[in-house]
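In the form predicted on its own, a lone chain appears below as structure tokens.
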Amino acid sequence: MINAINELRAAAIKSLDAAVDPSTLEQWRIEFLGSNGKLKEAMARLKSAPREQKPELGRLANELKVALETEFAAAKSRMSADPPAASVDVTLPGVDLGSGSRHILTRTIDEIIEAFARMGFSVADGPEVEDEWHNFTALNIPEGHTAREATDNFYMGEHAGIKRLLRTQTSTVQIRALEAQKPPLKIVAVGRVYRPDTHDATHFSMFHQIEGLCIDRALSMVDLKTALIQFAGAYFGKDAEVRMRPSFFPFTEPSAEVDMKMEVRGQLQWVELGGCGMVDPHVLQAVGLDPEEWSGYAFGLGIERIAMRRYGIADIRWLYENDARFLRQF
């Protein structure tokens, strides 16, 4: 019986070494460790062994069982970790993965910044998480104004008595730029802004704006319109037109909506791109500037709106779905 157990061990190990895939390994398990396998058969024969040999034979049989189960588990783990490599014909041509490109919004932002840079504007930046002072108060939006309502903003709690929120406009960068730099200055700020809008073809809870600000002495609406006309010509072509319609914004006075005539699906149309106006004296006073000495103009344009109109994109959500079929068109 002892010789039989040792011979079974040698045969099992040899057979296990020959198992090369999960299928043959499972066949080995059934043959040696299964309910009707050779190990069970050997243990059943122990009943007929002489009484004085049973303890030794029982010990050897249990050791064999543990050894075979251990070897099986190791072989199974090895096959799972290192599956056999598929054969590869190295003489075949490689798979063309295609070439990448900048996202349409990134490209639009870079093009707009370049157009304003040629007009003498430098780029400014600011945080996306803001306090109420920079997002509202300094921009002449007083306590109790409807623009401060929780339904129109993403508030992020209060720390040390200061309420934080995701900025709703890049106009906050104007205030930070004026706090850090004395006029004259001429800047544009591009970045993400956040508003809890319901997502549809023209609205998204996160989008991009470009904000322009120029502070100097004796500026007027003529300077503002000139800057917008120059931008339209540089970005949309020499035939681009600009018109301004009276409007209201708390941080500019007078204020206007900006429309630009551009080609949409083969037809020239007036497209609303944002707002503009002369910087309100209260905004200048908030950053320590004398409105009797300094004046300025500001404008804010929607990046998605420009990209959608210029490239004939019907739904703003397409810009954020990362569908390669859509992105490859640009």
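Quick caveat: nothing in here was measured; it's all calculated off a predicted structure. All residue numbers refer to positions in the sequence shown, first residue = 1.
Heads up, the form predicted in complex with a small molecule isn't pictured, but that's what we're talking about next.
* To do: Verify the contact flag for Phe32: yes if a non-hydrogen atom of it lies within 4.5 Å of a non-hydrogen atom of the small molecule in the model of the complex, no if not.
  => Heavy-atom contact with the small molecule at 4.5 Å: absent for Phe32.
* Counting only non-hydrogen atoms and a 4.5 angstroms cut-off, does Asn153 reach the small molecule in the model of the complex? -> It does not: once the small molecule is placed as it appears in the model of the complex, Asn153 has no heavy atom within 4.5 Å of it.
* Asked: At the 4.5 Å heavy atom threshold, is Asn140 in contact with the small molecule in the model of the complex?
  -> No.
* Asked: Should Arg243 be classed as touching the small molecule in the model of the complex when contacts are defined as heavy atoms within 4.5 Å?
  -> No, no contact at 4.5 Å.
* Exactly one stretch in 92 to 100, 171 to 179, 197 to 205, 235 to 243 has heavy atoms within 4.5 Å of the small molecule in the model of the complex; which is it? -> It is the stretch 171 to 179.
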